[in-house]
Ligand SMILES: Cc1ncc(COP(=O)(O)O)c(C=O)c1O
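To begin, one chain is listed below as structure tokens, in the form predicted on its own.
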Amino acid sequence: MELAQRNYQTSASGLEALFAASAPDVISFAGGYPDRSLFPRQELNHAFSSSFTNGDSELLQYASTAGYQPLREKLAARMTRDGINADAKDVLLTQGAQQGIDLTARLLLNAGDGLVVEGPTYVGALAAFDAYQPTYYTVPVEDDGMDLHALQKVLMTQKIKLIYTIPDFQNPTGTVMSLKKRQALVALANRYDVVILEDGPYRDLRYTGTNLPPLRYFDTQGRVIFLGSFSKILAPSLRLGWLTASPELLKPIMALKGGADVESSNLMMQGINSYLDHNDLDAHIQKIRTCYREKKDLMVKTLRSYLPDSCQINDPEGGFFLWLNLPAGFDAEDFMNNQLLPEANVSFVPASVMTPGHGPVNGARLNFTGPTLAQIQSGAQALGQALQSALSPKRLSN
């Protein structure tokens, strides 16, 4: 039988390979997993149990497409504190931020429409976008975020419908977009009539320095859609995220959400709301920050001790990932599949799956939040030594 073309494109996105590289017997720096020891198991257990015992007869009933109102109120208050002026009516609860990416793409993209993504970018976003068959335009990521000179050249010569960006601790490079670039990016979107999808799952996970305002803060024309998620700050299996946008964008997105799955789980939304009623989420996030900063520092220190001089690792101020730069022409995917995995039992995400089309191959994303400190120590050492071997003159000449 003949399947729709989008099925092939999405399955070829590299997302499945990412999770395959996270097998139980592998020291995985591949998947973007939180530390499972930080999940607030007892608190969530109590919260969900109390949801069943509080006498709410509507707990197991259908709810609104927008989502449970008390939880939307709490999220609106948190976003307002973070620089996004919002109230409950401006918030849509989604099946993780991933659904927000899909709904935005479904709203805006016809086959062939112009879509700007960062190069490299989040592989899961590419998997979602591929289904709508856009024309990709990839803009490089600099140390202070998206290269806006390159972006403006694209905007001047091509019709672009959507710009997708992760301005805070970008996945996969860990970079933070500067304040100046945030303002300039919104100004460019205004000038060229483009919608911005701001993916913000890591905004709460800053380990040093001070957070910058989100892009949505600078939005005066209602063209920035902001995504948030509980996956990185509570637990991924909750599968609950949120989206906020101007009424002109939020209303049709909500209609698409209703057609996709009717609503997010009322049980899940009320359980999380109960957790927030009885626990200090900010205190929990601070605990996460302390743990992840220690892990990040150890990975950076170990890699810098063992990497060859021709390889560089960055040191981001937050988020989940480090970015490994390898010598020009070095194929990170081939190295992982044919040397690192079989010989050292270590994995990462190669650059080749994080850019649409044929992008650079000499880079890799390393996750430091999922593995233990012992795994980081041994895995980073093994990775450095494997690269020393792969880049030795003798091996390169064979």
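One rule holds for the numbers: they count along the sequence shown, beginning at 1. Being a predicted model, the structure only gives us computed values, none of them experimental.
Same protein, other form: the form predicted together with the ligand, not shown, and the subject of what follows.
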>> Quick check for you: of 275-283, 158-166, 206-214, 174-182, which stretch puts a non-hydrogen atom within 4.5 Å of the ligand in the predicted complex?
In response: 158-166
> Taking heavy atoms only, is K287 within 4.5 angstroms of the ligand in the predicted complex?
Replying inline: no
> Contact between S264 and the ligand in the predicted complex at 4.5 Å, heavy atoms?
Replying inline: no
>> Is A97 part of the interface with the ligand in the predicted complex - any heavy atom within 4.5 Å?
In response: yes
>> Quick check on Q270: any heavy atom within 4.5 Å of the ligand in the predicted complex?
In response: no
> Any chance R293, K301 and L366 all have a heavy atom within 4.5 Å of the ligand in the predicted complex?
Replying inline: no
>> Within 4.5 Å, heavy atoms only, which of R78, K153, K89, R239 is in contact with the ligand in the predicted complex?
In response: R239
>> Do any residues of 188-204 have a non-hydrogen atom within 4.5 angstroms of the ligand in the predicted complex? If so, which ones, in sequence order?
In response: D199, P201, Y202
